[in-house]
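Listed next as structure tokens is one chain, alone, in the form predicted on its own.
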């Protein structure tokens, strides 16, 4: 990296009013999580025998891990397709991945009936059901969470090299070279794991058979889940970069994001082509699309949200407009999240005698987990070398905050 690209801590005061508000929501969530463990799932959730999975799985795990796939998606570009120009986006994307997958793992622990036994899953391998898709998902999420933090560890060790504590400084200088030598192996592992479990999240719902509405019930579900997580990963990187530029006064990497949005649009186009062709090939679904019941309306909303970014990013001029980039990425994340949410909750129909709507406790815990993730991200980028690019001077920062980012940095 040159001086322009060198990652460095953002700095500044951490305990700002927004940070304290996010921390308060996270603290409330922690209290409710403790209550859930004391009271049990029946008293704290609206789950039942028909809907054993609810908001914590559909949003925190299935949707949350897709939103956290920025590290996976950018790593594919940098390390597999050898697009080194995106290297400065790797660390911020990895922070999102590490935090997002950590929240997903915590949500699984909150959701299972006997969380005190969850540690046995990776260790008691002689009891594994080797035909279980759910086992693969659980193992991959656990391992990828660990791998993401290891991939991010050079940022912590680089900060340790400048520590005033001689022991921390000595430890960091000894360990950092070894970690860097081992990173290629962890990067390769980190590319394999999301490919496996993101597709398996789609395979998992195929097991529900006729209980999954026909508009979503397709053998292509694993491929659609994998493609959607890639597109959502790029969208999350664009939003993250835009917001950090806007609120931290950092130079916007407009040309890089413009090129990244083109990759995002191509993947999204492939996803939509497969999704629409699948609906047309199965002719019986055409009538279902025009019934204008809950299922058909949700399908149309999904398709509209995911078609929007393709239109917004159709030309190079539009891709250089930061407003268009941000809007396209937001529509993509909303459409991708809705698709996954629909598959796991709306399209899944266990029977007319069952219904589910998340309890207040479920909603508040999810809100607090997301707030805690945002607060952790803010603290990490301020304390450790995550974001790249030269920190602007005060006049430059004021100029950045006051303009609409219509030109590339």
Partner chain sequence: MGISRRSLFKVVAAAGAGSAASALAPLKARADQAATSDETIGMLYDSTKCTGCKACMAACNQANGISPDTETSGGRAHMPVDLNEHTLNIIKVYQDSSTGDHAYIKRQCMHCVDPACVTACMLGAMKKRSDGVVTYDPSLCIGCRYCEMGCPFNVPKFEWSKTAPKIVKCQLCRDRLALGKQPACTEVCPAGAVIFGKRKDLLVEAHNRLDSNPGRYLPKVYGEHDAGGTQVLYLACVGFDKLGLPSYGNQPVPHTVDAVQHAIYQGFVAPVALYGVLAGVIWRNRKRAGETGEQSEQP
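Residue numbers count along the first chain shown, from 1. Being a predicted model, the structure only gives us computed values, none of them experimental.
Just so you know, the form predicted together with its partner chain exists too; it's not on screen, but the next bit is about it.
Judged by heavy atoms within 4.5 Å of its partner chain in the predicted complex, the contact stretch among the candidates 372 to 380, 24 to 32, 63 to 71, 50 to 58 is 50 to 58. Taking a 4.5 Å heavy atom cutoff to its partner chain in the predicted complex, the contact residue among 298, 270, 187, 288 is 187. Between its partner chain and the residues 252, 227, 331, 204, the one pair within 4.5 Å by heavy atoms in the predicted complex involves 204. Using a 4.5 angstroms threshold between heavy atoms, residue 87 counts as touching its partner chain in the predicted complex. Among heavy atoms of residue 316, none comes within 4.5 Å of its partner chain in the predicted complex.
Contact annotation for residue 120: at least one heavy atom lies within 4.5 Å of its partner chain in the predicted complex. Although the partner is absent here, residue 278 lies well away from its partner chain in the predicted complex, with no heavy atom inside 4.5 Å. Residues are counted as partner-facing when one of their heavy atoms sits within 4.5 Å of its partner chain in the predicted complex; in 137 to 158 these are 138, 151, 154, 158, in sequence order.
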